[in-house]
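Just one chain follows, in the form predicted on its own, and it is written as structure tokens.
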Amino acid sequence: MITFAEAVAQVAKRTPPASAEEVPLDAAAGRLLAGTVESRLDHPRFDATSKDGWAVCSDQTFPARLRVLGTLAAGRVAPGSVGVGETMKIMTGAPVPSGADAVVPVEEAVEEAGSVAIDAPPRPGANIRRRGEVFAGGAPLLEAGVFLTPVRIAAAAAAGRRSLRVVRRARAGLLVTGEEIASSAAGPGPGQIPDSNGPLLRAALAREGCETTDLGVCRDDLAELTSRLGAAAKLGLDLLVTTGGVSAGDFDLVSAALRSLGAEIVFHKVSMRPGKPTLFALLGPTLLFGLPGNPVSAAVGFDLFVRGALRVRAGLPPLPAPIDAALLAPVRNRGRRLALLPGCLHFAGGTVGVEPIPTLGSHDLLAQSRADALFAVPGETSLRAGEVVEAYPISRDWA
């Protein structure tokens, strides 16, 4: 059995970087950027007005009555310049005419036939968005490894990008094991339970952008399990996730099946709870994660190890940096293994707190569903409210 930190390190060490692919902006949402993006354009592209108003020279005497040269709409360029004693009506987003260095809002001027009266002197640059003030052409725009949100895609579009180089989606396989798992739509029979781990892990893989092949449910039969895993190894998968069959019972057969296929078992059992039986192996070039059958253990194993491998593929650290959070209630870990417990993060007054979520154990999906973080409590340790623990966010979009 290895420590949690050693297990995280082994997964990171054995995970190769992903290749990249170019995709159009409309296909980039939710993807991870594969390289730094530099702007090809200034943004804004030109000095533009931020308001409907009057383009004027600020270096003249006010109050003033100015001759109107015309009206300039967004998308058009002024045919001439604006001088002292002159103005041009200008609509939001239009380029500021040469000679003008300020825009007076329409509500601060009085328009009459062919002229406009302005009382208060505008400050130079008033209501003008300067060329390149957000970013200049050639400037770094987005860093490799960022999650492409709609606003980041909009920034890339404003920078003149029509496509982005992103991390290739991982090809994943999922195999659920166990005689007790009801795989039919008719529902569970005597002694069976509904398949919750299948939906859990399919959703988790989809959340991470994986292209997943559902390999169904396998009985606790060594020959069948060996055959199914061997067939999966020929699919060219980047990773294969199994659930169940990795503990110490008579029908926990994943390890034996992998050994018969010549897989390299990197570790089997981690000094943590939940998730002690977690297995990590190399089945040819495929990373195999044998997650426990208890649903909370499967969820935690995915968040800490499978997701960690997907992060490493993208050039990120295997885990987000832990947050120092003050406990909002006392906790106690009576066991010897590191406990990774469900909690809710609270941000107030510049401090971070974590509220422990009471749980009945590794079958308590309801408690786990309320968590947005896992916080670590060392073995045989009691902590009071206010003491600081390390918390790992488990939401999708955390850096």
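Residue positions are given as counts along the sequence shown, with the first one as 1. Just so you know, these numbers come straight off a predicted model, no measurement behind them.
In what follows, reference is made to the form predicted together with adenosine monophosphate, a form of this protein that is not presented.
Contact annotation: residue 114 falls outside 4.5 Å of adenosine monophosphate in the predicted complex, judged by heavy atom distances. Proximity of residue 138 to adenosine monophosphate in the predicted complex: non-hydrogen atoms within 4.5 Å are absent; the residue sits far from the partner. Adenosine monophosphate is not shown here, but in the predicted complex it comes within 4.5 Å of a heavy atom of residue 197. Although the partner is absent here, residue 163 is not a contact residue: none of its heavy atoms lies within 4.5 angstroms of adenosine monophosphate in the predicted complex. Checked against adenosine monophosphate in the predicted complex, the candidates 293, 122, 95, 209 yield a single residue with a heavy atom inside 4.5 Å, and that residue is 293. Checking 327, 72, 233, 181 for any heavy atom within 4.5 Å of adenosine monophosphate in the predicted complex turns up a single hit: 181. The stretch in contact with adenosine monophosphate in the predicted complex, judged by heavy atoms within 4.5 Å, is 244-252, chosen from 105-113, 144-152, 308-316, 244-252.
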